[in-house]
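Just the one chain here, the form predicted on its own, laid out as structure tokens.
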């Protein structure tokens, strides 16, 4: 029996996009195994064939796929993005989670899943959107940073906020130490946010 069989009945079907180590994905997988996830992880797709996230999924009985991303460095090619969308639709995915996915999604995803795509970001948005958010926080000298889960819209890191957790910036913090403490909170927050959306307790603004 797979994780999909154990947890799929009557729960929101989730597809995850991940490019790297997949620690936030692992938090979701472990929550599902423990019966703490109000959703069913249906498939994990990565643009990187060797991404540890894919092995995490397989080890927990969730389908794992690598799909080619296309020729661009920061986004999917349009035809490739349509292939990602087809893969999700073929598996009945209702909610898409970006968990360390290092490419921006565009029209094909919004046509299929507008208001049903969420992302986790290592800052208290709207502060410090984009890359290297932890470095931005340190360079600006803020005393509190954190992490945010939000709905994805065309403008990067600008969709409606679902949930946030503050993290204190300590004297002597480096980008690495701050990132590590924020990541610990991300693992809890991503589970909370998926449960909020799957349980219809959070929603995007109308298109």
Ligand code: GRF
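These figures come from a predicted structure and were not determined experimentally. Residue numbers count along the first chain shown, from 1.
What follows is about the form predicted in complex with the named molecule, which we do not show.
Only one of 160 to 168, 62 to 70, 23 to 31, 38 to 46 lies within 4.5 Å of the named molecule in the predicted complex by heavy atoms, and it is 23 to 31. Contact check at 4.5 Å (heavy atoms) against the named molecule in the predicted complex: all three of 121, 183 and 186 pass. Among heavy atoms of residue 108, none comes within 4.5 Å of the named molecule in the predicted complex.
The named molecule in the predicted complex comes within 4.5 Å of a heavy atom belonging to residue 100.
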